[in-house]
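The chain below stands alone and is given in structure tokens; this is the form predicted on its own.
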């Protein structure tokens, strides 16, 4: 079974208007970060690069693993906290 199929089994309750992750300075990603590792390393695929080099973050489906905080440790450009109670990921298998 592919990872995508397993992730599809989880449920995510979106906290509209209160994202638990944000990019502090989008220009830093676009101008200073050479690897854009967040676009590759996030297991939920929350980070994508647009054609103009801008990083777009969509937190819906975030696994709350913290990988983005670790990957961006050089710039510390990710503001991350757990979602408010009752929101976020609900793992089907634990």
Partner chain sequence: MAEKFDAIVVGAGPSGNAAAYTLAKAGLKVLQIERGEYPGSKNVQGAILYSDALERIIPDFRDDAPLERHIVEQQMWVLDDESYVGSTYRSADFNKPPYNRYTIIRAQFDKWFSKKVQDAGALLICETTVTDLLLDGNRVIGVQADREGGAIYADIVILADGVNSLLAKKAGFHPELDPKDVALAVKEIHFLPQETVQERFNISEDEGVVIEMVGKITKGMMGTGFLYTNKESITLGVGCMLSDFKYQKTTPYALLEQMKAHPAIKPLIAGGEMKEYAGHLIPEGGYKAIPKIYGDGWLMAGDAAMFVNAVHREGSNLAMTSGRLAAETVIALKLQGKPMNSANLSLYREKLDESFVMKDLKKYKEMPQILHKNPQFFTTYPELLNQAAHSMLTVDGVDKKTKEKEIRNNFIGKRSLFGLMGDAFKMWRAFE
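Residue numbers count along the first chain shown, from 1. Definition used throughout: the rigid core is the maximal C-alpha set that superposes within 1.5 Å between two forms. These numbers come from a predicted model, not from an experiment.
Not on display, but discussed next: the form predicted in complex with the partner chain.
Against the partner chain in the predicted bound form, the set 35, 63 and 74 is in full contact: each member has a heavy atom within 4.5 Å. Shown alone here, residue 54 lies farther than 4.5 Å from the partner chain in the predicted bound form, counting heavy atoms only. Proximity of residue 14 to the partner chain in the predicted bound form: non-hydrogen atoms within 4.5 Å are absent; the residue sits far from the partner.
Contact check for residue 45: a non-hydrogen atom falls within 4.5 Å of the partner chain in the predicted bound form.
Proximity of residue 18 to the partner chain in the predicted bound form: non-hydrogen atoms within 4.5 Å are absent; the residue sits far from the partner. With contact defined as any non-hydrogen atom lying within 4.5 angstroms of the partner chain in the predicted bound form, the contacting residues in 48-87 are 63, 64, 65, 66, 67, 69, 70, 71, 73, 74, 76, 80, 81, 82, 83, 84, 85, 86, 87, given in sequence order. In the core-superposed comparison between the shown form and the other one, the C-alpha atom of residue 9 has shifted by at least 2 angstroms.
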